[in-house]
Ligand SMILES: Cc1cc2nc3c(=O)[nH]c(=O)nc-3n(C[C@H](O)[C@H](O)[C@H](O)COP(=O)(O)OP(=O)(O)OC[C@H]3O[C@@H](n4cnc5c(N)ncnc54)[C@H](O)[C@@H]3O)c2cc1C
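Just one chain follows, in the form predicted on its own, and it is written as structure tokens.
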């Protein structure tokens, strides 16, 4: 009988029921493996979290992962496979609102859409060099870029106030201020940036439906409130120590997928220990501060003919967009994402004056004409299970460490948005990492079970 890379008769433990872990679990199960998923939270989805509680008219909004880009094929294909519908949103893309003395100065979306082109032109020598280096994160070119912050680069080129303001306004994208963000991270983005930034998608009914649908395909229900504490490989098996509702327990499998944020991976005890460079890669990786504020008003005052539905800003409340334009009802929800130092500023506003203090920063948009009906704040850096919105490559981060984030440690494998090269920080990156790690498990386990030459099976 010919060799077939099936996983029948094998077992895999997946730690983490976010999109990365659930995608990996579904794919591994399809290949015949017996899969058990454990999750420290009391819900599915990880940083994909649709909030429904407290909003009028049955409306909802995304507290975490929100928009799907047009060219993010993996997540779009997965949603279709699971029978989910994608709703087009934010047609026209993001305008830009720059802080000024009396009121923000707004650059229309069509002009703001040229921001990437403007940045790419300003950074053209480095973008060209990075592409010649085939976008590798090793070697002297990558290291020189990584040692500089974006703020250092802006100073070196004598950037004008407008360019500085726009980059400051991208804290909601990078979750880092220019002083802390590696120039390599910006140049890498400019080297790959999609030109289709004038519309996006959400999953109809809430992005968490993707996690629920994935979990619904599994033979075994996800074990919630179950945290991994230690992972030990021995004699072709992997032993996982867990802490759950009933105390400490152990599970043994042929392989383990750690679909956890790096901030959780570095808390685990590994036997044998991770190689020193891999250990250091997880220790050094930072996650960006991110506060998402959801504001429901009794009317959608921001929806006026010709007005954008989304704004990047350098305001202390962060980026602003229509959080539920695809939903019915007179009410509407604005989503605000404050990254980097803006997260601190937003939390300070909320502490001192509540949601109304944030609303006062929206007067220029017409907020005085509406009644605030409900509000919700999520600060991901305060979440003990992630400590940030998503991974940020800060200035000074050794770029050669990046490859170690996804490198298997024997039969212990790693997934998550932080392991993605092209789509780091995106839901699509999490999905692709789940598919990638399923392939890796297949190769490792199928190779181990491959019959010796000349032995019939």
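Positions refer to the first chain, counted from 1. Since the structure is predicted, the reported quantities are computational estimates derived from the model, not experimental observations.
Not pictured, yet referred to below: the form predicted together with this ligand.
Peer 1: Can you tell me whether residue 412 touches this ligand? I mean in the predicted bound form, with a 4.5 angstroms heavy atom cut-off.
Peer 2: Flag for residue 412 set to no.
Peer 1: Contact between residue 395 and this ligand in the predicted bound form at 4.5 Å, heavy atoms?
Peer 2: No, residue 395 is distant from the partner.
Peer 1: Taking this ligand as it sits in the predicted bound form, is residue 63 near enough to touch it, meaning that at least one heavy atom pair lies within 4.5 angstroms?
Peer 2: Judged by the heavy-atom cut-off of 4.5 Å, residue 63 is in contact with this ligand in the predicted bound form.
Peer 1: Contact between residue 47 and this ligand in the predicted bound form at 4.5 Å, heavy atoms?
Peer 2: Yes.
Peer 1: Please pick, from 255, 210, 333, 260, the one residue with any non-hydrogen atom lying within 4.5 angstroms of this ligand in the predicted bound form.
Peer 2: Of 255, 210, 333, 260, the residue with a heavy atom within 4.5 Å of this ligand in the predicted bound form is 260.
Peer 1: Report the residue, out of 320, 290, 295, 181, that has at least one non-hydrogen atom within 4.5 angstroms of this ligand in the predicted bound form.
Peer 2: Checking each option against this ligand in the predicted bound form, the one that comes within 4.5 Å is 290.
Peer 1: Please pick out the stretch from 361-369, 278-286, 136-144, 378-386 that is in contact with this ligand in the predicted bound form, where contact means heavy atoms within 4.5 Å.
Peer 2: That would be 378-386.
Peer 1: Within 4.5 Å of this ligand in the predicted bound form, which residues of 404-440 have a heavy atom? Give them in sequence order, or say none.
Peer 2: Residues within 4.5 Å: 416, 417, 425, 426, 427, 428, 430.
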